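Just the one chain here, the form predicted alone, laid out as structure tokens.
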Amino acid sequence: MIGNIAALAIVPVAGVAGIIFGLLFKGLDRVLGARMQARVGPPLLQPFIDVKKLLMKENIVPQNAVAWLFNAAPVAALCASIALLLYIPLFGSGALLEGSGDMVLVVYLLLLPSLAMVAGGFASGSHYATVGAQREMVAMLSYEFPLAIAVVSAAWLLASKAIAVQAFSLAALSAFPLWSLVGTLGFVGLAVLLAVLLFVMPGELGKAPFDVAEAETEIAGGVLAEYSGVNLALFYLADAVKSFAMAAIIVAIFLPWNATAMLSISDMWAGAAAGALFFLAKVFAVMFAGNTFMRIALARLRITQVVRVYWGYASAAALAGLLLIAAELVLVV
């Protein structure tokens, strides 16, 4: 009973931590993006200022909107994003709700914020939002396939080595670094899968060059065209938390090393602090590679190009990574 109460007490803590670090990394993304384009850019804490400003503004619901669904969508998006954090090893420690098959649940939870945006877009009654919602649905169908291949490949490798029974558990994946389980072919295969996940990341988060669902210059903000005030703030927070969670998932699968073990730190508090800082550094590196760099380096794609890139190039690369890992396992046997 006491354990259940303690677990419930940690849930809001995980949500607050996800919001704070999600907004902080969003600020870092904007600062670094501006510097890469030789601009001054906003201050580091601009996302916190934006959220505060939105929370103070009027929450407008369009006259022809389905009001209950329009208002429920941002709440569902934020709740789903926070729920993701409960299944991901964070700050060098285990996940709150770890267990067998939680990686499958995480993949589904990643879809919910996007589905909430789609529902909110359709419920708004706006033509721009409807087009944006349609684009978001097409994008989801595109990037989920290479994402699933990468996740299944990592779990299959772990299961093939007979190391962990719960191969689809993020805790198991983070406990056994995959890089130490493979040779040259497998190493190349894992590198390809990591690159695929980094490429899937901006699509999953709706960032450039895959921000076709919003596309301010084309469809005036798309799915978010009619949102304002608290509702828009909730979507903004959901995006920040999901960005942090997506990077943490990639870290848990491909970069699971712990600073405490690497540095042989015996003191409990020093080890916890080192583990948390090392985890945040890895998350920042992933977010920079999969979000900031691609957003600055590449221009927005058309929706047809998004489908071709993910169903064609990204899926082919993910399958190539899987085949390289399979080839090595066959050769070893």
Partner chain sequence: MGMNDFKRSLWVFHVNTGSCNGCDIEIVASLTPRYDIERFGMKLVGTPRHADVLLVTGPVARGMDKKLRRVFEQTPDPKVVMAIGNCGISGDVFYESYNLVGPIDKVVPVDVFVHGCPPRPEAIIDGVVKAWAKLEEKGAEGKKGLRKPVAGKAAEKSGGTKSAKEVHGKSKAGGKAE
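None of the values given here were measured: they were computed from a predicted structure. Positions refer to the first chain, counted from 1.
In what follows, reference is made to the form predicted in complex with its partner chain, a form of this protein that is not presented.
Enquirer: Please identify, from 226 to 234, 247 to 255, 109 to 117, 200 to 208, the stretch that has a heavy atom within 4.5 Å of its partner chain in the predicted complex.
Expert: In short, 226 to 234.
Enquirer: Can you tell me if Ser126 lies within 4.5 angstroms of its partner chain in the predicted complex, counting non-hydrogen atoms only?
Expert: The answer is yes: Ser126 has a heavy atom within 4.5 Å of its partner chain.
Enquirer: Going by a heavy atom distance of 4.5 Å, is Leu280 a contact of its partner chain in the predicted complex?
Expert: So Leu280 does not count as contacting its partner chain.
Enquirer: Quick one: is Arg308 in contact with its partner chain in the predicted complex, heavy atoms, 4.5 Å cut-off?
Expert: Taking the distances in the predicted complex, the answer for Arg308 is no, it never comes within 4.5 Å of its partner chain.
Enquirer: Would you classify Ala299 as touching its partner chain in the predicted complex, given a 4.5 Å non-hydrogen atom cut-off?
Expert: Because no heavy atom of Ala299 falls inside 4.5 Å of its partner chain in the predicted complex, the answer is no.
Enquirer: Given that its partner chain is left out here, which of Asn71, Thr130, Ser160, Gln166 has a heavy atom within 4.5 Å of it in the predicted complex?
Expert: Comparing distances to its partner chain in the predicted complex, the residue within 4.5 Å is Asn71.
Enquirer: Which residue, Leu28, Ala274, Leu55, Ile303, has a heavy atom that falls within 4.5 Å of its partner chain in the predicted complex?
Expert: Going through each option in turn, the one that passes is Leu55.
Enquirer: Within 53 to 67, which residues come within 4.5 Å of its partner chain in the predicted complex, counting heavy atoms only?
Expert: Contacting residues: Lys53, Leu54, Leu55, Met56, Lys57, Glu58, Asn59, Ile60, Val61, Pro62, Gln63, Asn64, Ala67.
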